[in-house]
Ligand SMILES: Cc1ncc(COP(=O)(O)O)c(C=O)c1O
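Take a look at this one chain, the form predicted alone, written out in structure tokens.
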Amino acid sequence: MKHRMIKAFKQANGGLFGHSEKADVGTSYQEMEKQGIALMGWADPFMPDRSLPAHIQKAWKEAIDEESSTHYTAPVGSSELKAVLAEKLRTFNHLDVIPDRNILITPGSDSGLYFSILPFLEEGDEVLIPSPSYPNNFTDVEIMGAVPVPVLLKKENGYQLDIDAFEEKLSDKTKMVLLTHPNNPTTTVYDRKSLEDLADFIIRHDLILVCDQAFEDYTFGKEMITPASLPGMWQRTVTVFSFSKGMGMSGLRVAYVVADDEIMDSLYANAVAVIGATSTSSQRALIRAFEDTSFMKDFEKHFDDRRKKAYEIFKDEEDLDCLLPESGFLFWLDVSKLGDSSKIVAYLLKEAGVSVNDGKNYGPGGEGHLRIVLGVYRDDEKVYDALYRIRDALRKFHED
């Protein structure tokens, strides 16, 4: 009956009948771990080691023991958690929000991203996406029958936004700009000029912006600007936030969406039909997390050390090219001088015992690159050992 499916699902590869290049599709990635492969392709902090601080673990266990833990909270989320988030949004993101009018709690940022895009797109609409970018940006748009339009980011200007390139891609079908900020996979923190130019472009052409800020927490001295906070952008921006990257709580499955109440009213109306209610006990644990966020300083120290070490290892290699990562715990490595990135990914799996992501999965501009996740494992030395194995294997690689 697959012929009855819509195009986006009909063409999708879930790994049951053939190999899937995506680490988060199927079960093959988990099988690699059992074989001793270093898993550096899954953006889950310290995976598979412990990431949950003791005080949050205690709060989560206590929440599970409460009678309410097996019951729904409202599909739009816990009012108590939203009140805590409103304060974070005010101090960190410079957004003054009303908790029960501007915040929607979702079971993970992927569902939040999908739900944020869904209200605005119809068949044939076009969405401008800086590329390379998070794969779901392209996939979600295609599932909705709309058309993702990549806007190429260039290494020579630090992967910052080029508004002339946006103007060239604009058409009478353009409805939205879909932005991952900081960028995944390049780690770029878009600067004030990029974002102010983008805001002007969006306002002039009456577009909507959906902005995924999953990697906002660690930018190592770079100014982190929330586009919705810029003049004229609050009414036309939907922002998706995550606890998975900055707090290392991927398994709790909690995220949140923030928007003007005119947009949020429609999201509230359809939340139960599309995403359902988020885990009651997980939301309780997150409230406790915000009472003491000091553990994030330890996370930041690990990620800062690792990005510097990775850059040191690869920067002087003759056939490789890279920039010092600007955010999070990813590393974007240009291997195009060596050959096809898909072949190199397979080679590293066999010769170095390391699994990394093929840049081709991140859209145009991603080919010839590897995305290496530096955030895995608690032990820094385990990460460094894998990076040295990658470097040594690449020194010997020759494309057939």
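From a predicted model like this one, the values you see are computed outputs, not experimental measurements. Position 1 is the first residue in the sequence shown; the rest follow in order.
If you look for the form predicted in complex with the named molecule, you will not find it shown, but the lines that follow are about it.
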item: Contact residue in the predicted complex, from L195, A228, A310, A214 (heavy atom within 4.5 Å of the named molecule); value: A214
item: One residue of G108, P148, P99, G248 in contact with the named molecule, assessed in the predicted complex (non-hydrogen atom, 4.5 angstroms); value: G108
item: Three-residue site T186, H302 and S327 fully in contact with the named molecule in the predicted complex at 4.5 Å by heavy atom; value: no
item: In the predicted complex, S244 touching the named molecule (heavy atom, 4.5 Å); value: yes
item: 4.5 Å heavy atom contact, T180 to the named molecule in the predicted complex; value: yes
item: Close approach of Y159 to the named molecule in the predicted complex, 4.5 Å, heavy atom; value: no
item: The named molecule contact in the predicted complex: Y190, any heavy atom under 4.5 Å; value: no
item: Segment assignment from 86 to 94, 119 to 127, 284 to 292, 206 to 214: heavy atom within 4.5 Å of the named molecule in the predicted complex; value: 206 to 214
item: Contacts with the named molecule in the predicted complex - residues in 133 to 158 whose heavy atoms fall within 4.5 Å; value: Y134
